[in-house]
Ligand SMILES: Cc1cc2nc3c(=O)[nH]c(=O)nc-3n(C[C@H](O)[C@H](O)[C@H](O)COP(=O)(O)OP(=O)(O)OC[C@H]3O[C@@H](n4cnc5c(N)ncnc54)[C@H](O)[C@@H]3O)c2cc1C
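Shown next as structure tokens: one chain only, the form predicted alone.
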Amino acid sequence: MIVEENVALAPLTTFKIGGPARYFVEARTLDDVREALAFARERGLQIFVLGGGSNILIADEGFDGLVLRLRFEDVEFKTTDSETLATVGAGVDWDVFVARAVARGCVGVELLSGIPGTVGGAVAANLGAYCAECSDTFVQAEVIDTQDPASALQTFTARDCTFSYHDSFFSHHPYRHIILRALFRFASDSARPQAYHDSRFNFADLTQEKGRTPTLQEVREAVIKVRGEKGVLSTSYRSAGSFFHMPFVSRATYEEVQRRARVLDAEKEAQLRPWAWEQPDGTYKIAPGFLLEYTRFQKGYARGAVGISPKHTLSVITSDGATAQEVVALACAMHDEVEKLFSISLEREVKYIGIKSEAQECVQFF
């Protein structure tokens, strides 16, 4: 294990901003992880596990602890007559894994194409898009207990992970466990998802265009194309993706949001439909981008070196000279205006690392 000091973290994140890590370790083996944890424990250091750096904001001062970057990058597929199992290292780029799975005819992750980050992060956050989630194909994860790193590795099943929308056990118990590898199952006779659609893309149109059911590769390419049009590919802008989660609200709250939106601008409300989706439990999932469309924070908004993507209302973007504090200030203003207009408090999807704020929680994120 090699411990480096004062390592720049900005180049390792999609925002490209933030200060250095006091200590930094790249872990390629289990022994590396255990030694790094022992190093941190001996010095009373906090640990932050870094993967693709795609859903985080590093403080301008950096992280005054140990940053552990997992480089577990092994991928193994095993196929039988009925299924394919994939064992994947936590440090593997998520989209690289998706591309390899699609190439092998594995159904279930093609809708999650083009999303930045690592496999470990995908599991911890229960990555999801277009009515698909990481948990759909997840079987179990191999994890290490940071409180007892010398002990045997543990296995967390899907049930142990308590997955929910963009959430899991790991998000609620930061620093306790580190995901090292994950196992995914793909049934060979799985039905391909066909129901999802938004204003720019649906499988019915793709099927009609092809004159047949599209292949997994064609679905993947269509999803990546749409993500490119929305400006949320990692190559589009310096962004951490969607800054806020979709809020789930009661029917009464949904109806009140609809009423207020129509009072503010009925034509806009009609143009932006669908902006809410009823759930099986009777609640409604609301697109936060819809709520932001009634504020000054619309596509293309700029405030110094930070702003809103010209293609996606939910993407905060940065340019040269931007600081983490500027991003925090913009996000707070966006949150406050939505709350003032619609009485809905948007929850951050982007995790703050080393940032001292009243709402901050110290989290582990891949």
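For every residue, the number given is its place in the sequence shown, counted from 1. Computed from a prediction, not measured in an experiment: that's the story for all the values here.
This next part talks about the form predicted in complex with this ligand, which is not shown.
For the chain shown alone, Ser54 is a contact residue for this ligand in the predicted complex, at least one non-hydrogen atom being within 4.5 angstroms. When this ligand is considered in the predicted complex, Ile308 lies well away from it, no heavy atom lying within 4.5 Å. This ligand is not shown here, but in the predicted complex it comes within 4.5 Å of a heavy atom of Lys351. Arg220 falls outside the set of residues with a heavy atom inside 4.5 Å of this ligand in the predicted complex. None of Ala86, Cys161, Ala261, Ala240 but one reaches within 4.5 angstroms of this ligand in the predicted complex through a heavy atom, and that residue is Ala240. Comment: this ligand is not present in this chain, but in the predicted complex one of Leu292, Ala129, Met246, Val98 has a heavy atom within 4.5 Å of it, namely Ala129.
The chain is drawn here without this ligand; in the predicted complex, the stretch among 282-290, 149-157, 262-270, 172-180 whose residues come within 4.5 Å of it by any heavy atom is 172-180. Heavy atoms of every residue among Thr14, Leu50 and Leu233 are located within 4.5 Å of this ligand in the predicted complex. Although this ligand is not shown here, in the predicted complex the stretch 212-228 places heavy atoms of just one residue, Arg227, within 4.5 Å of it.
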